[in-house]
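We begin with a single chain expressed as structure tokens, specifically the form predicted on its own.
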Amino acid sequence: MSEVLRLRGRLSDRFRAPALWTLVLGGLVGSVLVTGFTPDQMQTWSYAGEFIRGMFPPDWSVLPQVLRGMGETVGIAFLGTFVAFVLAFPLAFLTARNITGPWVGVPLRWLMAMLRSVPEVLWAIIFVVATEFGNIPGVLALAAHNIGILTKLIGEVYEEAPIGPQEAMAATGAGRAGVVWFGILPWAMPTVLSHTFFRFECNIRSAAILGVVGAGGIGTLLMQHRQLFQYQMMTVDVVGIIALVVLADWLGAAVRKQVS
């Protein structure tokens, strides 16, 4: 009990620290100046209300197209995640500090950082220009971004592997490949799969938006209906996107529970 009170007092002291509140106030003032935010801008919210009213009642005649777009979105997310995993799984061995030396790992980690630092939308724009409008740029965009993310995540899992099984394999005379295959992978695979399924869940959300820049999926329908001022059809698009996100959350949580 005394330990809890001591920690609570320490936390309270930190919240009362002048430096903390000075930092928060400085960040608030700086953000207002940088963004140019003023209270009178809130008056334009009436236009948003008119826009939302124009979205009802929903035009359900577009539902078959929305369902097809939802299927394309899931396909884009799955293929993008699969391609990223196939490439990231071996690359992670090269980035793991306990497996590969710095002469290979350091430049490769920098390359992976560059890949994941570019947002999926920007990757989609690049691939749309390089190829054409459709689902393929969406798949390539998600793959490019997630190679960087999954390589980092999987590599860190390898690095955190307990040393005991590795020493046991080495004691039997196993080479470096045998140590990795039997001493690291059996422990790492549940977490590796969990990370991969989580990225698939995230990619469904991303794929639903990539269509706005012409990279296929249900986002393409949303863009088309917005450009044609078909706001009642947009409502069905939004419902489809929400359904995809909810389904992805539920399915991802269930799958990660099984593999963890």
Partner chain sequence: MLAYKDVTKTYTPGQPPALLGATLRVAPGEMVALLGPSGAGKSTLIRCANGLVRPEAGAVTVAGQPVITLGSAELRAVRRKVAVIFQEFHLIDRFSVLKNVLTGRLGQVSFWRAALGLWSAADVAMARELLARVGLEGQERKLARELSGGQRQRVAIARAMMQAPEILLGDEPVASLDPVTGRSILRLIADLTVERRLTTVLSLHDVTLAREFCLRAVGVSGGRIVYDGPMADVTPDVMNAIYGSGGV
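All values derive from a computational prediction rather than experimental measurement. Residue numbers count along the first chain shown, from 1.
One more form of this protein exists, namely the form predicted together with its partner chain; it is left out here, but the text below deals with it.
Exercise for the section: Identify whether its partner chain in the predicted complex is within 4.5 Å of every residue in the set G27, V29 and F37, based on non-hydrogen atoms. Expected result: Result no, not one residue of the spot touches its partner chain.
Problem - Option from 147-155, 80-88, 185-193, 127-135 whose residues, in the predicted complex, bring a heavy atom within 4.5 Å of its partner chain - result: This holds for exactly one stretch, 185-193.
Problem - Contact flag, G71 vs its partner chain in the predicted complex, heavy atom cut 4.5 Å - result: Flag for G71 set to no.
Exercise for the section: Indicate whether its partner chain has at least one heavy atom within 4.5 Å of a heavy atom of S117 in the predicted complex. Expected result: S117: no, not in contact with its partner chain in the predicted complex.
Practice task
Examine M112 and determine whether its closest non-hydrogen atom to its partner chain in the predicted complex is within 4.5 angstroms.
Solution key: Close contact is absent here: in the predicted complex, M112 is far from its partner chain, nothing within 4.5 Å, heavy atoms only.
Problem - Residue contact check: L94 to its partner chain in the predicted complex, 4.5 Å heavy atom - result: It does not: once its partner chain is placed as it appears in the predicted complex, L94 has no heavy atom within 4.5 Å of it.
Exercise for the section: Identify, from the list L140, I99, L108, M169, the residue with a heavy atom within 4.5 Å of its partner chain in the predicted complex. Expected result: In short, M169.
Handout entry: Contacts with its partner chain in the predicted complex - residues in 174-192 whose heavy atoms fall within 4.5 Å
Key = If the 4.5 Å heavy-atom criterion is applied to its partner chain in the predicted complex, 174-192 yields A174, G175, A177, G178, W181, F182, P186, M189, P190.
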